[in-house]
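In the form predicted on its own, a lone chain appears below as C-alpha cells.
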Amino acid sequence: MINIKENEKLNILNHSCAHLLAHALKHLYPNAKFWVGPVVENGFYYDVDLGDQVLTEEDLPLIEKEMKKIAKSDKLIKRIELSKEEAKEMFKDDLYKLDLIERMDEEETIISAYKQDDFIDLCRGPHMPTTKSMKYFKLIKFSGAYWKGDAKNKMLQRIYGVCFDTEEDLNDYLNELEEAKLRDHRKIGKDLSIFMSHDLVGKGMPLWLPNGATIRKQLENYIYEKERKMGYYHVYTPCVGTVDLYKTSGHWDHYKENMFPTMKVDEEEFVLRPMNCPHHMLVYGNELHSYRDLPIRIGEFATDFRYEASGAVKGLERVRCMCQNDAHLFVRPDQIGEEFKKVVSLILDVYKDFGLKEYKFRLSLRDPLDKEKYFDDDNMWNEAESTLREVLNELGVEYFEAVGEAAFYGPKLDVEVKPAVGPEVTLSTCQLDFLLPRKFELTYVDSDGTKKIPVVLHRAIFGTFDRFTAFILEETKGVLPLWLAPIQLNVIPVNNQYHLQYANGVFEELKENGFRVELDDREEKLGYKMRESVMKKIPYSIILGQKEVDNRNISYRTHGSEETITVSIEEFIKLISDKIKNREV
C-alpha cells in the first residue's frame, strides 16, 4: 500500500478531506467539537467530541453523503491568519482548540486557520483550493481515542478515512484493504484456533492453542535440524536475570526502557530477560576454550519479554512475550567471513523452503556523530562495518545501507521481507559484536599460547516464532503447506451407518504412519462436513463411501480443488509422505 503521509500530493488531499469530514460532522451534529485531524500512513482521522451521540456503522454513509454534498458545492478553501488573541476569541467556546492555542510556541505570533463556507478550523495547511477537489474518498472505520492519548481524559470518537485523486486509485486501495482483512493473522488465528489472548493474562501475551502449538513445534523441529547439521549446540537458560547481568552487558543503560520492571527477591533484583545474549556469554565462559574449539555455535528457542506500548501490541506480530530463534556464534577474527557466509546461506535456504522471494538485505550501521547511542570505539565500529560490507560484496548479495539503525554494540544485517499486504517486515538478522565478549571477559587460548577475545555473531533466522507464524499465516491466508498444517488429513465417512467402521481403520492406519489426522464421525451430511473441512483449511479431505469400502481404497480432494481422486491407501501414504519429506510449499 502507498504511504499517503509521505506522498506530498496525497498528504495535502487527505488533510483537506479531514476538514471536509469535520465540516460535514458540524452540519450533522451542530454541537460537535474537534481535537486534531492529522494525515497518517493510511489516510487521515479526526478526533471529535459528539457529546452524548455515539456513532454506529449506519452513521458513516450518512456522514459521507453530507461530505459529498459539501464537496460538490465547490466552496473555496481560504487561509486566514490570526493573532493568538484573535484565535482565542474565535474559538472561545471550544476547550479543545483553546488548549491547542495555549500549547503553541511563544514565538508563534501568527496562527493560521482554514475556512470553507460556514466551517473554520485551526490548521497550518496547506490545503486544496476548493472542496470540489475531494471527490474520491471513503470513511473506513471509527474507534475511541482518549483526548491527548491520556486514559485520565475524556474518550473522544476517532473517525478514519482516505482520499485519492481518482476513483480507480480509491477502488484499488479499498480492494487492498479487503484483501488485508482476509489475510489478517488475528482473524485467521481465531478462525483456525491457532492462538488467543485474554485480559486476565495481559496484553501482548498470546496463548498458543493446540493447533498453534503444533505449527510452532513444526517450525522449531525444522530449524533445529538445520542448525544441528551445521554444528549448533542448543541450550536452555532462565527467562530472568539479575539487574547486574544486564549492567554487565550494557543493556541496562541502553535498553532499560524496553524492559519490564524489576522484581526484588531476597537481596537480589531480577528482571524478565529481553534478550538472550548475556546468558549465552556465560555459557561460553563456563569452560576454557582453545582456538581449535572455535567456532562455537550456541542456539536456543528462548522466551523473552519486552515492554511494548499497549497501542502497538498486535496479535502475534507485536507481542510482549515472544520466543526467539536465537543463536550466538563465538568465532576467531579470521572466521568471521566464513561464519557470516554460512548464516546468510542459511537464511536464503530457509526462504527458499518457504517460497519467500521478495526480500532485501539492509546493512544497519551506526551514526558516527551519535556518541550517546553507540558504544564509543571508532576502531571497533570501522572494523566491524568493513568486515560485513566486504563479505556481502564477496557473496554478491544486493544490499542497502541504513546509517543510525545499528544496535549499540555493533552493526547488523537485517532482511526485510515484502508480505502479501502491508509494509515490509524484518524477519532475519545477523549482528557482529566485538563488545559483549570484552564486557564478559571471554577468551580463548590462541595457537601461540596467548589469550584472545572471541568475536560474537548474534543471529536469528525466523526472528521470533511469533512474528514468523503471523507472517506465514498472512502469506498463505491460513492455507499452510502440508508439512506445517496442524491437521493434515480429514477422514470423512459418507454415511456413518455403512462407512464409519472402514473410516476408523483408515484413520488408525494414517495415524500410525505419523500423519496429523482427524476423523469426522459426526452425524452430519457429507456436504456440511466437506464445507467445514474447507473452512478449517485442511490440506486433504478423504471421502469414504460404498465404492471405497468395496474396493478397499480411498478418494480424496486437496484444499481448493473440486477434483476427487481415487487411489489405494498405500499410494496415498507414499504420496503424502513424499510431499511432507520434500516440504512442498
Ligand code: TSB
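Numbering starts at 1 and runs along the sequence shown. Quantities reported herein were computed from a predicted structural model and do not represent experimental measurements.
Not pictured, yet referred to below: the form predicted together with the named molecule.
For the residues 364, 218, 387, 429, the 4.5 Å heavy atom test against the named molecule in the predicted bound form is passed only by 429.
With the partner omitted from this view, the residue of 273, 279, 185, 328 that lies near the named molecule in the predicted bound form is 328 [heavy atom within 4.5 Å]. Contact annotation: the named molecule lies within 4.5 Å of heavy atoms from the stretch 312-320 in the predicted bound form, the single such stretch among 205-213, 372-380, 312-320, 497-505. Contact check for residue 308: a non-hydrogen atom falls within 4.5 Å of the named molecule in the predicted bound form. Using a 4.5 angstroms threshold between heavy atoms, residue 157 stays clear of the named molecule in the predicted bound form. Under a 4.5 angstroms non-hydrogen atom cutoff, the named molecule in the predicted bound form has residue 464 among its neighbouring residues. With a 4.5 Å cutoff on heavy atoms, residue 324 counts as touching the named molecule in the predicted bound form.
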